[in-house]
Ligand code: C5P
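One chain comes next, on its own, written out as structure tokens in the form predicted alone.
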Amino acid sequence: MKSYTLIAPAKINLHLEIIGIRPDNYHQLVMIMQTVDLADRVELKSLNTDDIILHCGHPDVPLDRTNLAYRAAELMQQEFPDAFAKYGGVEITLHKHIPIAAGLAGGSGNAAAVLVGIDLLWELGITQASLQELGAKLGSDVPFCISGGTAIATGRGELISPLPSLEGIYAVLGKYHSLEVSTPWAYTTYRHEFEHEYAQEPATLFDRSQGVHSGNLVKAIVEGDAVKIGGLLYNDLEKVVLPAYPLVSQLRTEFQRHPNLGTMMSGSGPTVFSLASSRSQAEQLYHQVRAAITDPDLELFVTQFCDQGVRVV
């Protein structure tokens, strides 16, 4: 039986701005996203049956259709019934290294890997753009997780515009293992508190979304200026998550106490990250935060920016 092993990197947000509400009632977002080499490994094998079988050794990962990876396999079955009839079902094994419910797109990355892996298993030859269109049906982060690297994401996050790759930048990630922040709660709370600031007209929504393309952070990325990038990190959702979750706020403050290029919460949290210009600076920061916060529930990771999304081993 054919099989593939794929690497599914985590992502962090360098910029997350909420512009307004779309006609479909989703938030209009403008984000700059970056993959890092902290990654899950996803194995796919063909089956001689019509089943989707999902395995994962992590006790908190569901093994049914509430898992995006499972739904990605279902979607491929629905979209390509002839190939499904020819090749059969799929067995998926997730080896989790990205922390769960961390705002790092671990679940979206797993789904992206399943889409790419089934494309290979079934010899479909789908273009990356078409895979991203399929991924958008599963979740807003899935299209970016397929391509990865450094990119602007607009719409509800599914419209991807690549940016030049960033090299030599490291990140230290911190996340309390038992702490989760509901993404729907974060966006709903933000809307409740800040809807009066939203752009109301479609033209204004478009103009503000396009503004990031010529903004200072994109200029810093084009120049490869890590110091400027660190100083321009931005996340609207910090306004609601940090006051409601003191542990996240305290972790962010602790990161900021030590030398780094910039500190921010990723996505809707609860992961906090700081950027570093070298592995040695990142490792020093890791040890400083670990020494200051001895709580064994705190997970810390040293990782590096990478220039791609899902890839085959």
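If you're wondering where the values come from, they're calculated on a predicted model, not measured in any experiment. All residue numbers are counted from 1 along the displayed sequence.
We do not show the form predicted together with this ligand, though everything after this point is about it.
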The unique member of Thr93, Thr189, Thr183, Gln128 whose heavy atoms fall within 4.5 Å of this ligand in the predicted complex: Thr183
Listed residue (Thr150, Asn235, Gln132, Ser140) with a non-hydrogen atom within 4.5 angstroms of this ligand in the predicted complex: Ser140
Segment assignment from 20 to 28, 298 to 306, 7 to 15, 285 to 293: heavy atom within 4.5 Å of this ligand in the predicted complex: 20 to 28
Proximity of His97 to this ligand in the predicted complex, heavy atoms at 4.5 Å: no
4.5 Å heavy atom contact, Arg208 and this ligand in the predicted complex: no
Close approach of Arg156 to this ligand in the predicted complex, 4.5 Å, heavy atom: yes
